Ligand code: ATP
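Here you get one chain, nothing else, as C-alpha cells; it is the form predicted on its own.
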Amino acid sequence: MIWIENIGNYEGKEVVLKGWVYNKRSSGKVRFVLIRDGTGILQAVFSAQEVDENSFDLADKVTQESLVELKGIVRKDERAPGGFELVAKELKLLSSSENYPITKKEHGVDFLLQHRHLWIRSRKQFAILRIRAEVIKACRDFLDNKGFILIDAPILTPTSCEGTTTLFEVNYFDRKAYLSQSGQLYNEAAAAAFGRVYCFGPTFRAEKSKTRRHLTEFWMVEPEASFMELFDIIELAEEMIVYIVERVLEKRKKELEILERDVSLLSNIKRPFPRITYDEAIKRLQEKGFKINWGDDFGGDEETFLSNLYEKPLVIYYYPAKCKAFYMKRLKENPEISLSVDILAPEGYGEIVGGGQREDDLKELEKRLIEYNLPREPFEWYLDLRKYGSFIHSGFGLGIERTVAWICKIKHIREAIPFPRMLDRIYP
C-alpha cells in the first residue's frame, strides 16, 4: 500500500493510490482533483489527451468525499501541495458520496460540532489532531526515557479524588461508583511499588461550565515519583513541557503551517520558566484591579491575565491549602500554605499543569479527611500507604487538550479532542 505522506519516494514511477476526494477544479481541458488518504493531500492532474474519456469525465463529475482509486506517474512540482503531484492515467470510483454536508461556505460551530464525525476530515482539524497525537507520544516517550513505568489507573472509583461536587455518579451493581477525576491516588500506591510511575487516560469532571477551557471528559498524563519534593517535580514538569514543544516543532512542521501558527513563539519555550508565588500573583492581580482576595482560587480571567505576563509558561507555587485537595502536603513554617504548583501556558491559555507534594504523615492525613468532611472507609487503602513505609513523593497532571490548544493556538479546547464532551453536548 502506498501512502501520500511517502509519495516523494516514488518520483517518476507509476503508482496506484486510494483516497477520498478533498477538492477539485478545472482549467480548459485539464482537471485537478485533490485526494486525501489520512496521511496527506495529493493533487492529481487529468489531461484530456492523456487519460481515457471515462476517467476524464469522472474527474469532472466526482463528488466531494467520494472514495476513488488513482493510477498515475509521480511528478515533482513545488507548486503542488506537498511538492509532488500525480499525472493521472486512470480514475475509478469505489464509493460515491452525495450531498456532503460540510462545504466551502461558512458553517456555524453548532453545525460543525453536530457533524464532528465529518468535521475531523477538514484540513485544520486534521492538523490539530495530528499534533495531539504527537503531544501524547512525546509525553510517553519523555517519561519512559526518564525511567517512569506506565501503570493504568481505574476509571471507575469508589469515591472522590478532587471534590464531591464534580463527580459523575454511576450505578455499580448494588452500590454507587464514580467516573475518575484523576488517577493520582492509585499512582501513589504504584509509586510505592515501582518508584516512578505515570498513568494516562480519560478523566471526568461534572463541572457546569461553558468556558473555552472546560470539557466534561478530557485526557491527562499524570506522573508520580517517590523521593521527589515540590521543586523536584516542578523541574520535571518544566523539562516535559519543553520536550513536548520541541517534538511538535520537529515532527509536525506541516501541521503548524496549516494552522498558520507563529512558531517563533514556540521556539522560545526553553528553561528556566518564570516562577512566582501565589502571594506574588495575588499582588499583581490586585494591582491591575482584579477583585480577588488571598485564599481565592484563580478563575479564567485571572489565569488569562497571569499567563499573558510572560512569553514562557509561568510557574505559580505555594497556593493556600484551602484552594487545594486534602492530600496536598503543607508548608512546615505555615500550615495555611500547600506545597502545590500550577503551570500556566503563555498567550493567555492558562493552566496546563497542576500538582504538588503529597502529605506523607499518617496523622496529618487523617486530620485532613476530617477537615474536608470526607468518609474514612473509602480511603482506608490510601491511608495504608502511610502505615506501611510512608515516603516523600510528588506528582502532577498535564492536561492534553489544554496543551494542544496552546501549541496549536486555537480558541476553544473543543477542537483539541476528536469528539468533545461538554455541558450541552454528548453527540456524536
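Remember, predicted model here, so these are calculated numbers, not experimental data. Numbering starts at 1 and runs along the sequence shown.
We do not show the form predicted together with ligand ATP, though everything after this point is about it.
- Among 123, 254, 214, 115, the residue placing a heavy atom within 4.5 Å of ligand ATP in the predicted bound form is 214.
- Site annotation in the predicted bound form: the residue of 310, 218, 168, 305 reaching within 4.5 Å of ligand ATP with a heavy atom is 218.
- Residues placing heavy atoms within 4.5 Å of ligand ATP in the predicted bound form fall in a single listed stretch, namely 350-358, out of 134-142, 284-292, 105-113, 350-358.
- Using a 4.5 Å heavy atom cutoff, 207, 397 and 402 all lie near ligand ATP in the predicted bound form.
- For residue 413, a non-hydrogen atom is located within 4.5 Å of ligand ATP in the predicted bound form, even though that partner is not displayed.
- In this stretch, 266-284, not one residue has a heavy atom within 4.5 Å of ligand ATP in the predicted bound form; the partner itself is omitted from this view.
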